[in-house]
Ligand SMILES: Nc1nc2c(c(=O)[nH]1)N[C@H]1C(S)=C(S)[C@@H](COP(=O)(O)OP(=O)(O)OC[C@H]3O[C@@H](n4cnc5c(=O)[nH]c(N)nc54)[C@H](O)[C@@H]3O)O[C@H]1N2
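One chain comes next, on its own, written as structure tokens: the form predicted on its own.
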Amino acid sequence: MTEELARVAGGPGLGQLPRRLAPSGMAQAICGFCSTGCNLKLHLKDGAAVNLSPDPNYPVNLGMACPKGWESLACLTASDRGTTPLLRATDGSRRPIAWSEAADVFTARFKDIQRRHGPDSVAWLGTGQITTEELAFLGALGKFGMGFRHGDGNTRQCMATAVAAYKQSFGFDAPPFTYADFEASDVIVLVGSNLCIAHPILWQRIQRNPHRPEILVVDPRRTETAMAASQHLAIRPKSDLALLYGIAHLLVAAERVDREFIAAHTVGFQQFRDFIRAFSPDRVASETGLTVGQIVRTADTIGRGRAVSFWWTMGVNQGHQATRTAQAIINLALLTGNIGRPGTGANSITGQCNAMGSRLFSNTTNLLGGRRFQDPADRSHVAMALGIPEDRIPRDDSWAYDQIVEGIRRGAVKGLWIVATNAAHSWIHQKDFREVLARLEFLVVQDMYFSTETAALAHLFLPAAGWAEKEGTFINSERRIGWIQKAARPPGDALSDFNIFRLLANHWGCGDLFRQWNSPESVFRLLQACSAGQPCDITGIRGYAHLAESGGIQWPFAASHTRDHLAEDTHPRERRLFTDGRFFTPDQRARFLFEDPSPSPEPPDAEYPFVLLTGRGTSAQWHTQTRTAKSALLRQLYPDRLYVEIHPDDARRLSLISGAPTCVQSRRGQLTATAFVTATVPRGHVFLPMHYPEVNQLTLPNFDPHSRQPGYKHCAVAIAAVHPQP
């Protein structure tokens, strides 16, 4: 290791364990897969993590772990880990280079592009998979140091809808719940969420509910969660909006609304009441495919509920009217006063392990601390908190992910830096995206593995440390900030993303701007200062040790909270928002927001007669399988080949046999999958699990206008048997 690399790595030096490593041979870390935020105890031997167990005292998982959590360490020892930077030669081969050369190439190529094409000709695509401190460093380095005005994260693919919905309805991106609400509800409504598979620990929290709750599941498929529900509303795909408005219509008509709460804490109810009069049970039944009796029973169950909680995930977020659908769920909570009390809330469950950290502190969708780039006071506050010149901060928002892609297509963006995301697999309409990437003059990919579909296209590959090989924080779905302790050595010369950013800042010539950014915890202190006075104020947290001692801490936790709780000698482990009915809008009232449903952008027709649904396949898979596929155990828990679910009646009509190869085709591409004949998928629909690399060859690039989130869940396809060649 070079002297420069050792200096940039800082602290005890690359590969050594940090001073916080427990002398007992035990470390702790928040799981690096989903947003549940389970705490895992890492067992160490000879300075290496050799095993793990879930923490029974952590208020999130209470001693539980899903298959991915149990196998978290497997992804660290894969044979395709990046161990040294790789530079692509003119003949297409990749050669290993030193970090100093990699940083020089990174700097020279991006600066040359900016010089020839302007400062906006370079951009980055980030992630929700690295620590909050690293997300902030990437966003600050890109925008304040290197002049990359445009940068977005892969959280645009999963959580942008929830962000937009909460900001418009509540005045801030503020999921109001705590996981204890799963155990306090007497009615639980899950919309577009296969919780058993996507968030199995949260499903276990429901199983702990002592109230024998009614569980209502809104989903076109008869998923594992739907099978366990009290009521399954198998609606037509993307008819959620009509259903939710129809339920509101029935609740208002039956006077099952909280008029006192509505009058004191909301705006727009009268207009909403007038709007939903058109959504009669007959109309809603016609549009959703449900019976009038099902719709009436659902409204009656919600209306009779003492504590009703509404939950949604990607089935809502990934759609052409996603934001308004999320707000229709929010409207039901407001309408019935089911918010701010135990067991209630309009609750978005996040996707990635640190999507919430990305939402608040990545410097992409907003300025650090949930602030606004357009607000002079916010720019001034952040500049002062970070000790940087205010003119370094852009005055407007970045392009969103899809706009950056379109910028590459039309030649406005010539250089792209992709960090900790496998975009060539995960982005919608995959073939088109790869063709767009080929237009770049310079593509840098920073990742754990040199073998991903995206890394294989890079001109420069930068090897990064993974989960548990570095220190920092994640923020989970319930706003809980949890600490990750370093417990394993990254392989070879791989560096944490944090230290890669430090190295690149020094080579770029802006290192002095980040002289305070010398450790993850020092950056956490800076982020606390950025959050001061915001709804997400975390100025009361006394550092990483405080997080460890408290079982994580939910935001907000302002300095005033600390004084109060120190006086009482307590640290509440479960806290929800809006207990006082005051929201983050200027008048402190929540908004009823609504819009007429519009048809799906690509309905089935004679040529493509089926609707394609996509989603999670099993609890043993994660996103693009970039990490879960490294575990031999997890690979045994799901099919190794892509499969397509189809209803028995459709299979019979098309002469499809279960287990036989089948062609699925959209207007954008085609693939071969093994047919799986099952009545869990409705007639006229097929289902493909999102984890396999072929699936996004088919998906339709349509975007919600408010969140700019892609609509992965619906497009038109044809399906046919694959006949062997004679």
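Please read all numbers here as calculations on a predicted model, not as lab measurements. Quick note: we count residues from 1 along the sequence shown, nothing fancier.
Keep in mind that the form predicted together with the named molecule is not shown, yet the notes after this line are about it.
Trainee: Taking the named molecule in the predicted complex as the reference, which of F144, F592, W622, F578 has a non-hydrogen atom within 4.5 Å?
Mentor: So the residue touching the named molecule in the predicted complex, by this definition, is W622.
Trainee: Pick from S309, Q327, T313, T161: which residue has any heavy atom within 4.5 angstroms of the named molecule in the predicted complex?
Mentor: Contact residue from the list: T313.
Trainee: Any chance D186, Q528 and D537 all have a heavy atom within 4.5 Å of the named molecule in the predicted complex?
Mentor: Not one of the three qualifies.
Trainee: Looking at 350-358, 636-644, 279-287, 584-592, which one sits within 4.5 Å of the named molecule in the predicted complex if you count heavy atoms only?
Mentor: It is 350-358 that comes within 4.5 Å of the partner.
Trainee: Using a 4.5 Å heavy atom cut-off, state whether Y449 contacts the named molecule in the predicted complex.
Mentor: Residue-level check for Y449: yes, a contact with the named molecule.
Trainee: Is Q231 part of the interface with the named molecule in the predicted complex - any heavy atom within 4.5 Å?
Mentor: Flag for Q231 set to no.
Trainee: Going by a heavy atom distance of 4.5 Å, is P490 a contact of the named molecule in the predicted complex?
Mentor: P490 lies outside the contact set for the named molecule.
Trainee: Taking heavy atoms and a 4.5 Å cut-off, does P237 contact the named molecule in the predicted complex?
Mentor: Yes.
Trainee: Let me know which residues along 196-211 have a heavy atom within 4.5 Å of the named molecule in the predicted complex, or say none if there are none.
Mentor: Result: I197, A198, H199.
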